[in-house]
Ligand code: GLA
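The chain below stands alone, shown as structure tokens; this is the form predicted alone.
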């Protein structure tokens, strides 16, 4: 496939045909090489059950192709048309309250419904047959943001029956199901799989084991929904790639499993989302972590299929990006592993829900400062992108990330402010602010690649994962475990054989004898002679031989008891953190632990300046990005060349530089 690096999401069906060529000319002048189209255009493509109309899309693809612009096609299965819903109202989803969600938004569908699936098979087959040999169509995106809008959907009878079948395949017998779910509690035993319900809202409480399997089922349903489309596309359009636009840490579907169906993953990145804090220091690490976790889903470079290009907003709006900020955000995506950036959207829509989700062009369609800024950015950076293609960040620190751990903590969060993803991001932030690159690592990933492995909240445990952690440390790794490790088995039932953290006590060198949930409170912690603050939780521990206490509680009835420990094990070291460190304690701990692990920052930290690297066997490309509206300075490395930017060591407001550093 031709190497393409910059694109835009385009909706020609929203505008008169007479405008299309002007758009194509403006795109070509800007440096746009590809568009994504049609992902919400089901009615335009199939205006009634027996009528298909691809003519308008053929015309748009051909016109753009004339100007050297290629097309990625979205299958429009996120927006079933009104004629279908009126004829088959049973395809509408039912939420956990038992309410039917109606037509008028998007994703108003039940992904289990066989009637809906049949309509999808027919449409995707016709699209793939029609466009499989089109020279201007390079790839496909099945559906759009799978899992978005479906957080508590669907619990209809089709989903219930499909869930029952999923459980029967997993457990084989209803006796095994009852044992795995602990249904003896509150008389929840089942006599047959056909008695199992989809989990509607109860009078009080829910079975955590049943809820965990429901979350697994919902994820597997989305994977199967995508697989069906992918198989059709590969049959008729096998030369074209298949990707999907992920949403970072969104958790409805296990993105690792979904990624197995895709040639590469894509992502939607909105740094100025109206739902995010405005202060850069409160969100830049989250934005960087989001990109790094997306890279982890296939452990390879990715695409950004929707990169912010203007003010965000549905009913309410975010701030206007300052001059240079859109370019800095796009460069951040590239720095963390994006081989292509597709901006959302071309022109701000005049109708519908997203009238205030602004594009490169305003409502008027006349190019302004956003067009000019991104045009300059593309023309500067595009010549460098071929060299960056397939390069990757090389991290020495990894954070273990699991969707099943996330599901378990959503079911029983313990503390109103405790979040599995939030914990991962807090540890990430401490390394991000030291300019230390980080990979997110699935449980089945290669732990041995990393000098330091951070594994917060390893709540669900298995013998296999215990062995993997212990082998990692035994072979010389530095492992950090935290509170709430080894609490439950994979069925979400509490472990009862020994003190927490179970078998991992052998590596961690501690046993947790009690704990304190810090409701609306904090605890003081003494580390290296300085007092810090910690939150959420306090593990009260007994140290095993050779274990050293690094920090102690300095308030509450357990003042003087160990809070953070380190234990030599084999050739490595295992740290145990029994609380949620506050910012100052987290920074101090991570500096200490990274130093012991022999991990050096890419550059000396500087306020508001992000540093990231991509490299191959020959060269390292260093990205230095100023997220501030004011000038900043940094200490440049020796023996480097400035590939993009003004002055080495100095950054203007929102400037993003690329340096080549010899290896």
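Being a predicted model, the structure only gives us computed values, none of them experimental. Numbering follows the first chain given and starts at 1.
What comes next is about the form predicted together with ligand GLA, which is not displayed.
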> Among 579, 245, 229, 308, which has at least one heavy atom within 4.5 Å of ligand GLA in the predicted bound form?
Replying inline: 245
> Among 220, 152, 556, 354, which has any heavy atom within 4.5 Å of ligand GLA in the predicted bound form?
Replying inline: 354
> Has each of 144, 314 and 344 got a heavy atom lying within 4.5 angstroms of ligand GLA in the predicted bound form?
Replying inline: yes
> Can you say which of 262-270, 164-172, 433-441, 115-123 gets within 4.5 Å of ligand GLA in the predicted bound form, counting heavy atoms only?
Replying inline: 262-270
> residue 414 near ligand GLA in the predicted bound form, any heavy atom under 4.5 Å?
Replying inline: no
> Closest heavy atom of residue 40 to ligand GLA in the predicted bound form, within 4.5 Å or not?
Replying inline: yes
> Do residue 524 and ligand GLA share at least one heavy atom pair within 4.5 Å in the predicted bound form?
Replying inline: no
> in the predicted bound form, does residue 106 have a heavy atom within 4.5 Å of ligand GLA?
Replying inline: yes
